[in-house]
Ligand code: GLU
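Below you will find one chain, with nothing else, as structure tokens; this is the form predicted on its own, and questions on how it binds or moves follow later.
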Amino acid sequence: MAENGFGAHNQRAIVSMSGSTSQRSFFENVSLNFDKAASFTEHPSGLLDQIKACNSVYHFQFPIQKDGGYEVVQAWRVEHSQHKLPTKGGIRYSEEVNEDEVKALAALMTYKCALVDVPFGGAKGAVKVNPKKYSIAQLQRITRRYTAELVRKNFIGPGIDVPAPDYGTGEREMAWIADTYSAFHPEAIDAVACVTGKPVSQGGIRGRREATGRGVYFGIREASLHAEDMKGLGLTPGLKGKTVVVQGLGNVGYHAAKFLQEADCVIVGLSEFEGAIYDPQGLDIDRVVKHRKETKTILGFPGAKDVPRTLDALELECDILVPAALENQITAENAGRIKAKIIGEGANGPVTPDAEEVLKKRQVLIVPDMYLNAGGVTVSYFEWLKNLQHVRLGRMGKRFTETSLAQLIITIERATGHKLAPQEKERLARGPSEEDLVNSGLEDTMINAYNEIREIWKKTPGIDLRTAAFISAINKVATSYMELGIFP
């Protein structure tokens, strides 16, 4: 055992557990989970301190013109770990954001990237604004000024730090960022790789929009396939017939619900900030979204019961609960009323450590956020590679694959004397599109990562999936630092 390894961090974990969730910040909660997992490793305490700390925190402000006057906007970019470059993480637009939250999300990005073997360090950015209160022109000025500030301090670039969308931002803002960066670096041939989550026409990749929600689906599906684990929950293996409640109908929640529904799950509850709806017979996700667009609320959906308070939706009867909104939604106060047997964390940090202790005693399986919502960064990695290679995925091999498969089918038909229908031939001989390759790569990534985490979980007595995920991430980041020669 390395000197000052297990003992020092185990003691620190015990000390940090003394505070209640109400007294701890989001970053402190992440650090608490880190310390808990670190106590099961044998890395030196200095190395663990380096992994846990945020390397760079850039807090700045800038003025924008609004309503005939000026408003000063606060913004952040945090690079948590530079053990691998570039660092990677979304940009959040929210009135509620603060530095602690950005640091916590940056830390989670480090561990998330390590878990799914994406070669990035973790980062996160935020602008303290409510995008609904600004015009498109004002949002464009905010985004371009934010980008300019990052350029000035060397906090953005294809090999330095690569942002992506997050809460309150999307493809439009990423296109503005790419254009602004290119204006500052007209000589950079790889400038478009400075940001991911862009529109396809601006260097984005097909499948990125759905990637996080699809990753949530893949992760929950993989967890449900292990008969031993499902038996302990009183469930049968697989997703078919499982009842699901989803909190949050943004990009992640919508796509997670859609893919789970397509896998024969029954979506019995959906919630948004205005309230929730419940129907034990099942809700059609696309019909609910259409209803909300028409009426500006999910409440009043035909055939469903209204649940006035959003948090009440978390307590609805279901097999699988997917909190896909914001952090700290399930706390020690409401954890005892949660009826789900599986919680799939689509959002970052929706279950507090105190709540997790309550849920563990009730044998609820929590599939942790740092694994489950890693689909976005995984496909962002594919987009970044596409931008650096300057070629669409599948372009070089699609036609060759189709021709080869067509020849194989002809050979089989001649040998067997059996002719396939034209539409069957077309289906079997179809070469993979960019989206096919993206989805296949994402599925493979999520399956492999879950099985790595589960192996640690099963081999280490007394831990849960989250701790196993942190152990896996810590070991991978520690290996990177040691290979750099910083910690021999």
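The numbering used is simple: start at 1 and walk along the sequence shown. Computed from a predicted model, the values in this text were never measured in an experiment.
This next part talks about the form predicted together with ligand GLU, which is not shown.
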Check: Pick from 164-172, 134-142, 258-266, 236-244: which stretch has non-hydrogen atoms within 4.5 Å of ligand GLU in the model of the complex?
Finding: 164-172
Next item on the list: Report whether all of Asn348, Asn373 and Gly376 sit within 4.5 Å of ligand GLU in the model of the complex, measuring from non-hydrogen atoms.
Entry: yes
Next item on the list: May I ask you to state whether Lys112 is within 4.5 Å of ligand GLU in the model of the complex, using heavy atom distances?
Entry: yes
Item checked: Arg208: touches ligand GLU in the model of the complex, heavy atom cutoff 4.5 angstroms -> yes
Next item on the list: Indicate whether ligand GLU has at least one heavy atom within 4.5 Å of a heavy atom of His80 in the model of the complex.
Entry: no
Next item on the list: Check whether Pro368 has any heavy atom within 4.5 Å of a heavy atom of ligand GLU in the model of the complex, and answer yes or no.
Entry: no
Check: Of these, Gly203, Pro86, Gly90, Gly219, which has a heavy atom no more than 4.5 Å from ligand GLU in the model of the complex?
Finding: Gly90
Checklist line | Heavy atom within 4.5 Å of ligand GLU in the model of the complex - qualifying residues of 254-284 | finding: none
